[in-house]
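Okay, here we've got a single chain as structure tokens, the form predicted on its own, with questions on binding and movement later.
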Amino acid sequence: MFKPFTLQARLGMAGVLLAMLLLPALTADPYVMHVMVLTMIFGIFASAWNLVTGFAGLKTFGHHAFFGLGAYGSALIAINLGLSPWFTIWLGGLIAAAAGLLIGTPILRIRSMPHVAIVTLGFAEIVRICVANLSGLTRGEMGLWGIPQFEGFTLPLVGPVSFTPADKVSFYYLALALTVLVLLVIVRLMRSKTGLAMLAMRDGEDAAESLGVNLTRMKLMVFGLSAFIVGIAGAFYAHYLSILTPASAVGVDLMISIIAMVLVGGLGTVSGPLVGAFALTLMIEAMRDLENYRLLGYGALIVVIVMFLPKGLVTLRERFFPRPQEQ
């Protein structure tokens, strides 16, 4: 069952949120802001994959397809139709959700999770190949550039807010707002009857079905919602960087990184994906000067954490600050 947050956990989350809000006041360095924005984008992606895998028990290895569909969908609509990115990011999420429901309808009826994992991975590879070869539309491996960024606006008591490559603070706060929104949606979902049904389905499909859970409908719902969230993350990624390539948006390396983030942070937990995204993104940036050798350190850290902290970094708190035993 989804455990309620303790007072200590609530205070910890409030402290982290306050620190994130105050970070630009401490340092507005563009590089630091850039790393934090990428961390939150990947954290949203990881949280959505954790929702479908960690909470619902659906083994899928093709979620990067929805990231790419959301990114390219939002970018192409903004470029060709001249619509605002504030509107197209939601269209990118809807495109990803529609693709998720389309591919999920036939495959999620299968009870064999290894088959589901392989089929979703194959679907993602089809999407990557299509994006790479439709050069007339996506410009293929040359990259889709000229993606419009978010329009600025004016906030009372704050003043003008602009989104430019030189000023990353606005992107930082927008990414933070999206991250908080996604977490609120996930927590609210997991505290509902639907969330309880998801956990029951994860722990035993036959038992859940005997209790009246419609497995196919439940799987499609969580799969579509997860694809929608990933699509929004991909759309934000596109309008933030203003350039897309098949490797960066739909590459299998991206999916491997997301899986590693969830496993390192803690599969089946709310904060685990964000912790993993923060830890691995910072580690990659810290070892950037090591060039190819950084992959050795990256892999070694994952192996060590999986061996000694199989439930992720979030379990460190329970080790050092265990909950008092109930009498």
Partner chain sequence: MNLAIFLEQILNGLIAGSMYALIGSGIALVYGTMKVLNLAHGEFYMLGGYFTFYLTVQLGLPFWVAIPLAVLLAFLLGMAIQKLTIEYLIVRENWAFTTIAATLGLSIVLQNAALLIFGERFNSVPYYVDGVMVLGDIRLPWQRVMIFVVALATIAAMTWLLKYTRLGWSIRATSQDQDAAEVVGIPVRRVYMICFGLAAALGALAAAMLAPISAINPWAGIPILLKGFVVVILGGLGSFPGAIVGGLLLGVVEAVGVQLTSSEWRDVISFSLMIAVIWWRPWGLFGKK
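Residue numbers count along the first chain shown, from 1. Fair warning: this is a prediction, and the values are worked out from it, not measured in the lab.
Note that the form predicted together with its partner chain isn't included here; everything after this is about it.
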- in the predicted complex, segment of 215-223, 163-171, 240-248, 123-131 with a heavy atom within 4.5 Å of its partner chain: 123-131
- Task: Flag residue 282 as yes or no: does it have a non-hydrogen atom within 4.5 angstroms of any non-hydrogen atom of its partner chain in the predicted complex?
- Result: no
- Please run the contact check for residue 180 against its partner chain in the predicted complex: heavy atoms, 4.5 angstroms, yes or no? no
- Query: At the 4.5 Å heavy atom threshold, is residue 210 in contact with its partner chain in the predicted complex?
  - Reply: no
- Message: Residue-level contact is defined here as any heavy atom of the residue lying within 4.5 Å of its partner chain in the predicted complex; does residue 15 satisfy this criterion?
- Response: no
- Message: Taking its partner chain in the predicted complex, would 53, 113 and 296 all count as contacting it (heavy atom within 4.5 Å)?
- Response: yes
- Query: Which residue among 94, 119, 76, 200 has a heavy atom within 4.5 angstroms of its partner chain in the predicted complex?
  - Reply: 119
- Within 4.5 Å of its partner chain in the predicted complex, heavy atoms considered, which of 11, 303, 21, 316? 303
- Message: Residue by residue through 251-284, which ones have a non-hydrogen atom no more than 4.5 angstroms from its partner chain in the predicted complex?
- Response: 256, 259, 263, 267
